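Okay, so here's just one chain, in structure tokens, the form predicted alone.
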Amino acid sequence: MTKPRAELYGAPPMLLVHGGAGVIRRDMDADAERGVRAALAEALRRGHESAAAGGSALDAVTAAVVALEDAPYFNAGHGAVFTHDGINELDAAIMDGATLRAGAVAGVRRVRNPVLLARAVMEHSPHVMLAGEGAEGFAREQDIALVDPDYFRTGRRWRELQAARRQANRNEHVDHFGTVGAVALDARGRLAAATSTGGMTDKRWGRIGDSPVIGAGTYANAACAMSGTGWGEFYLRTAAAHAVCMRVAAMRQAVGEAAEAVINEEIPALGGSGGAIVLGADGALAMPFNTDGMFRGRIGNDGEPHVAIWPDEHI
């Protein structure tokens, strides 16, 4: 009988989360920073509790991402950014590395926790991705919570939209960041990844980024799991998450080496930027980013959350 991967490697369970790359130090006051750190720690605890209660890697990433979607600090769920037309359009994906099953949703406007709907697509439909009104119809069938669109409206994100519009009118650069995600390794050696986002501030024409696209912003196989955050067009063009995990699985590269090559070399070479969280079946982890900061954290067997924002913080 084939031994579980965790037994082969002896790697303990691990959960990583991110709340997005691109944070700028001058834009973070002390209260906001405390709130972000507390929200990251809570997401880690939720995911760890799920795993400790006998849950799978899928359960851990689901619980963690739901917590991040419910927090107002991140560009997902309750804290999602606005489109050019002043609405919130949400995307999410989840993937089981052990089976390569995956589910995703795109362009939904009333789903409180898009990651729950993405998981329902994976587990209760014959499809991988559903979008827009069809996805919300499926949510009703699956008893996934729907909310009034005003639930997603926050004053901070509305002000960001106005600022982005002014920048666009002056042909100034607008940063394209904001996502949440989680990757986990469970006690049986199974990996999973999940990502959720409100997309790009001031996006138009039903734009869909990398987060819900399997292999771009989200991917997991038996050797590696990744959730990305950054300028989605470049993660799409490089199939970033798949590229990282195939370097680990097929080329036998170390997780850190594979993540560095794609996130900090290939993507910047094309003009993009961002970050990622990556976890290997051997327990190795990487959290590369090439922006001023990235909201990130990890939790292991001891149940103690470790969180960071700035480049000089090592967790």
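Since we're looking at a predicted model, the values are computed, not measured. Don't overthink the numbering: it's just position in the shown sequence, from 1.
This next part talks about the form predicted together with a further copy of the same chain, which is not shown.
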{"item": "Selected contact from Ile208, Ala223, Ala71, Leu161, since only one has a non-hydrogen atom within 4.5 angstroms of a further copy of the same chain in the model of the complex", "value": "Ile208"}
{"item": "Interface residue in the model of the complex among Ala41, Met28, Leu285, Met246, criterion: non-hydrogen atom within 4.5 angstroms of a further copy of the same chain", "value": "Met246"}
{"item": "Thr238 within 4.5 Å of a further copy of the same chain in the model of the complex, heavy atoms", "value": "yes"}
{"item": "Contact of His127 with a further copy of the same chain in the model of the complex (heavy atom, 4.5 Å)", "value": "yes"}
{"item": "a further copy of the same chain contact at Arg153 in the model of the complex, heavy atom, 4.5 Å", "value": "no"}
{"item": "a further copy of the same chain contact in the model of the complex: Arg101, any heavy atom under 4.5 Å", "value": "yes"}
{"item": "a further copy of the same chain in the model of the complex: contacted by all of Pro12, Ala145 and Val147, heavy atom 4.5 Å", "value": "no"}
{"item": "Candidate stretches 184 to 192, 71 to 79, 118 to 126, 153 to 161, one within 4.5 Å of a further copy of the same chain in the model of the complex by heavy atom", "value": "118 to 126"}
{"item": "Sequence-ordered list of residues in 290 to 315 near a further copy of the same chain in the model of the complex, where near means a heavy atom within 4.5 Å", "value": "none"}
